[in-house]
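This document opens with one chain alone, in structure tokens, the form predicted alone.
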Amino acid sequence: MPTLPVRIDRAAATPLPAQLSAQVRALILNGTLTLDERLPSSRALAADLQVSRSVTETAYEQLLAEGWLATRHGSGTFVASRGLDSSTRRATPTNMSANKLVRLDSGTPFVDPRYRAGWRRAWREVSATTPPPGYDDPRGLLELRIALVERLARTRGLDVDPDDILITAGTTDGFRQLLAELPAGAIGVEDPGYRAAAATVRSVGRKLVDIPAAQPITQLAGVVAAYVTPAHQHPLGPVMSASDRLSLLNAARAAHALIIEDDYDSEFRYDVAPIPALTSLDRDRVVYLGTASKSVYPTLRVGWMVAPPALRDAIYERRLTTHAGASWPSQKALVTLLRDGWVDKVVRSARRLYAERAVLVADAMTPHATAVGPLAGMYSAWLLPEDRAVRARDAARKAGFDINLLSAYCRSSELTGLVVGFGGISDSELSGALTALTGALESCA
């Protein structure tokens, strides 16, 4: 029986000293080992655990360096720090990981593991390339802007040249830079809508005006710009029709307002071809925001903006001073991923998977709720009374899954229901979440 409640797993990838130091650290944090408590000698602990003494010595040395332990000449090794109190202990990394839920959100994509070699190859190319000696071009890496010219023409119907494109650190970053150059005034955002967009408007001190989502927009009086998701309304899902697009553009012209098009996942239509970008109808009135977060990884933090010339030039001039651009390594990696066809392959693979999973979700949810939009993208929205939605959400959490309420995307809207994501999870996780949801909905029918 070891003199400390720790165990060593020789089959684990984590080195033995790291295993031991982590467990002793956790024992101090949770109060099992208390301040000034004496620990067994490294020799005695090594004998108890049947490991080399160098394992226990290395672990103790690490904890001494971190300040968790202290030595007293001739007396041994003692605990040198108090643990967390009970209220704080719940937030320790150990407890957080134990209670971590599988998130079925609307923004985490599926990236086919069969293509990991291409991802690694891109980063090897980055590592072999000498980065710029100073700050990069404020417009973004020229190679990437050239690659995006072809992609935007092919997939979004946009006829642009490299100088029309500004590279951003994602949609929210591009939106924030855009807001800094707009005239004073309120910003309209769809309701329900993208929560990060609403939070960004508030964060820069602008008034936020709710625009009813998935409805014709006939007037924009009182706002200087309106943020919309016409290709796949977030989070309801409908596509803005041709007549509604023209109505929106007419309203913008009448109010001298700008339209900000967030084209976040248009590549993931699987009923028809992707809908052309709204920006293709009026380059002078619409700013286009695109992102790699749904086709590659959100953490890549790369997006792009196509804006009217005067606005584009103003953002460029500000960037000359602020250096507010995407990271050079991420841009360089995306160049390789686009050049080698990796992004196209990942998108095709994900589109097939989403089409299959969308049907599974629809089959499970249709008896209990009403779908809002068409089958598209990596999530679907379902209308049902708030009390039933909350009960289903809570049952899913109890089973280990985090599913968003539709009301969490609303400000003045009173729509209620669930938004079920099915991108960045496994088939078994989706099955488990749907079982928990439908079980709860059946019990409260």
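Throughout, we count residues from 1 along the sequence that is shown. Every value quoted in this text rests on a predicted model; they were computed, and no experiment measured them.
There is another form of this protein, the form predicted in complex with a small molecule, and it is not shown here; the text below is about that form.
J.: Counting only non-hydrogen atoms and a 4.5 angstroms cut-off, does residue 295 reach the small molecule in the model of the complex?
T.: Contact check for residue 295: no, nothing within 4.5 Å of the small molecule in the model of the complex.
J.: Although the small molecule is absent from this view, report whether residue 264 comes within 4.5 Å of it in the model of the complex, heavy atoms only.
T.: Residue-level check for residue 264: yes, a contact with the small molecule.
J.: With a cut-off of 4.5 Å between heavy atoms, is residue 342 one of the residues that contacts the small molecule in the model of the complex?
T.: Heavy-atom contact with the small molecule at 4.5 Å: absent for residue 342.
J.: Using a 4.5 Å heavy atom cut-off, state whether residue 170 contacts the small molecule in the model of the complex.
T.: Taking the distances in the model of the complex, the answer for residue 170 is yes, it comes within 4.5 Å of the small molecule.
J.: Would you mind picking the one in 230, 237, 325, 107 that has a heavy atom within 4.5 Å of the small molecule in the model of the complex?
T.: That would be 107.
J.: Looking at 301, 202, 283, 103, which has any heavy atom no more than 4.5 Å from the small molecule in the model of the complex?
T.: Looking at the other structure, the residue within range turns out to be 301.
J.: Partner absent here, but in the model of the complex, which of 353-361, 250-258, 171-179, 150-158 has residues with a heavy atom within 4.5 Å of the small molecule?
T.: Of the stretches listed, the one contacting the partner is 171-179.
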